[in-house]
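Only one chain is given next, in C-alpha cells, and it is the form predicted on its own.
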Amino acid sequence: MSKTIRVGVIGTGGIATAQHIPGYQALEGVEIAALCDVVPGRAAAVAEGVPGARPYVDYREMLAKESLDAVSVTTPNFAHRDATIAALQAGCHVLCEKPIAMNLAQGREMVAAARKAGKLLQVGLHMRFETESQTLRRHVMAGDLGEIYYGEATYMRRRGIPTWGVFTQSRFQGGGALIDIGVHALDRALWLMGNPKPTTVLGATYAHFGKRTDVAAPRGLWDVDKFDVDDMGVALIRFANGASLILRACWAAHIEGNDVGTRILGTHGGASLSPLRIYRDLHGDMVDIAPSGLVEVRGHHVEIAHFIACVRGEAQCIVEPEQVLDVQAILDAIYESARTGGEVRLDA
C-alpha cells in the first residue's frame, strides 16, 4: 500500500496530543485527516495545530464523512469498545489505547469485530516497543536465558494520582492504578516471558491515598470526592507452564521516587530492566552483561510507526489479540480476587 494513509483520532486529550498526533506527523505518507472529541471545541482547538485536519464532535459523523484508512482511539476506557467497533465496521484499522477495554467481555467483542471486518486492531502497549524491551526480547527468544520460570513486574509512583481526566472514577475507567499503569508492567513482563497462559490469580487492591487531603501532592490535589478506585494493586499470577509472576502497581506510596521495572529469571540466565542487565554463568564465572550502544526511543512513536507499517502490509503486528485478552483477563481476575479474598482460576 503506497498511497497516503488517512488517519482519524477519536479523543483529543493528553495522550493524543502528546503522543499519537505527533507520532503520525513524524511519518511520511501519513495524513491526519480528522479529529474528534465529545467536548465541544476541544477537537477544533487541537486541529488548529494539525494542518488539514477537520474537527468533529461525533465520531460516527467523522467515520461517515471521511474516507479514513486508520483510526486511533484515545478516549477514556469506557468508550474504547463502541468507538473501536464503529471504526472497524467503517473499514478502518484501529490503534486503541490501553487497556483494550473496561473488561474482558468488551475486549472479546472488539477482537471479534476486528476479525469479522478483516482489519487490524492493535492495542497501545508501548512498553513493548522501548529499546531495552526489544533488546531483552531478542535475548529471550534466542534462548539465552533458558526456560523462563519467574517474573516481577513493577510500576510504582511515589505520588502520581492523576489530577486530570476521569482516571479516578470507576464508571469511566473500570479501575485505578492497576488498570491504568499496571497494565503496562503486566503486559511487558508477560511478553518477555513468552506470553505463557495464565491459570490462577491471587490479588489485592488498596485505596489509602485517594480520599485524603492531608498528603503531599506536588502536581496538585486530585478530586477526592470523585475518587472511587484503587491507588495500588498487587498480584501473584501462575501459568500453565509452571511459571509465576508478581505484579505491583500504584499511583501513590511511601517509596523513594518512582519504581518502574521488570525482572525475569530463567534456567540459564536472568535479566532486569530498566536499566537492562543480563546475568549468566560463563565458564564457571558469574557474569553481568550490560548491553552498550542502545539508543533509547520514544515507545509511543515506534508503536505508531509499527501500526502504520502493519496497515501498509509491511510488518506483522507484535501485539497479538490473544495476548491482549490474557492481559485483560488477569486484570479482571485481580479485581475479582481482591473483592472476594480468594484465588481466581482462569482455566476453569
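Numbering starts at 1 and runs along the sequence shown. These numbers come from a predicted model, not from an experiment.
What comes next is about the form predicted together with a small molecule, which is not displayed.
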Tyr149, Arg248 and Ile278 all contacting the small molecule in the predicted bound form, non-hydrogen atom within 4.5 Å: no
The single option of Leu120, Ala79, Ala90, Leu104 touching the small molecule in the predicted bound form, heavy atom within 4.5 Å: Ala79
Partner-contacting position among Thr168, Thr205, Thr262, Thr75 - heavy atom within 4.5 Å of the small molecule in the predicted bound form: Thr75
Non-hydrogen atom contact Gly176 with the small molecule in the predicted bound form at 4.5 angstroms: no
Contact flag, Tyr59 vs the small molecule in the predicted bound form, heavy atom cut 4.5 Å: yes
Contact test in the predicted bound form: Cys36 vs the small molecule, heavy atoms, 4.5 Å: yes
Pro22, heavy atom within 4.5 angstroms of the small molecule in the predicted bound form: no
Segment assignment from 254-262, 208-216, 133-141, 96-104: heavy atom within 4.5 Å of the small molecule in the predicted bound form: 96-104
